[in-house]
Ligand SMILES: NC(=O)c1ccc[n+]([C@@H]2O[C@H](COP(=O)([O-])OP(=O)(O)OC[C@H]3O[C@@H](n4cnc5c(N)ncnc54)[C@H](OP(=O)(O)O)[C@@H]3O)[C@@H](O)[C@H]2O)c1
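For reference, the chain that follows is the form predicted alone, supplied as structure tokens.
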Amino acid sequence: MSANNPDRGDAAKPQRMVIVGGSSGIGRATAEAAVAAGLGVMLVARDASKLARVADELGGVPWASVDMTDQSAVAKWTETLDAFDHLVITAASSSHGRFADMPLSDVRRMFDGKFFGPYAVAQACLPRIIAGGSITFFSGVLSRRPGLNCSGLGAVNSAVEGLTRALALELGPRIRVNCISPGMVRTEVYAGMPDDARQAMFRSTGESLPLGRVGEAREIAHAVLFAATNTFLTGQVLDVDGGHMIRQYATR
């Protein structure tokens, strides 16, 4: 990424996007969409070997192996960054379980991965983001459409959305801040499930949605690019969920 004054974008150069969590799933799909749209892209994630492979497949884009829950590692990485336009943080963590049984350590780990990690990355990157740029966080439908055995995940999603609105107010007009709230999407995050169980979950969830199916990563990526580049959008939570917010839940 070429260096620029963070307070003055260079219109002659393509916009630049840093994607944290860009080696797989929605992050990778966002990187693919951004490259196709002519943006400069940098991928960030923990797995160096996966990052190197994906970066090569995307035409040799730059990448950095960083654990966003490690504040010192995040600080060290951002010190090497040149100015850029858009920060997208798709990396996340989730845990499910009954409130009465859920270990507090699991909830704290989830907040570290989905709230405090993105918080630290956004804070550290702030001086590098060019005026007129953006930050895009990720939450999820459980923030406003709760489900059984998901109290912790609903809470962390709500925290991310609250942070989004607060930062949009505080950082505007220099930087826009938005949040993508996806529904269930076919990605590698479910790879640990047995195939039959995974497909049954996709099928049953899809049947409950107005669109009759779960989402694809590329569909979320389109929303990310819109949120990042639309210059009159800030402080918004974009539900890209196939109608999950109005789905008909089964009874207990």
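Residue indices: 1-based, along the sequence shown. Being a predicted model, the structure only gives us computed values, none of them experimental.
Heads up, the form predicted together with the named molecule isn't pictured, but that's what we're talking about next.
Contact check for residue 68: a heavy atom falls within 4.5 Å of the named molecule in the predicted complex. In the predicted complex, at least one heavy atom of residue 26 sits within 4.5 Å of the named molecule. For the chain shown alone, residue 136 is not a contact residue for the named molecule in the predicted complex, no non-hydrogen atom being within 4.5 angstroms. Using a 4.5 Å cutoff between non-hydrogen atoms, residue 184 counts as a contact of the named molecule in the predicted complex. None of 218, 46, 213, 198 but one reaches within 4.5 angstroms of the named molecule in the predicted complex through a heavy atom, and that residue is 46. When the named molecule is considered in the predicted complex, only one residue from 125, 92, 175, 150 comes within 4.5 Å through any heavy atom, namely 92.
The stretch in contact with the named molecule in the predicted complex, judged by heavy atoms within 4.5 Å, is 138 to 146, chosen from 161 to 169, 138 to 146, 80 to 88, 98 to 106.
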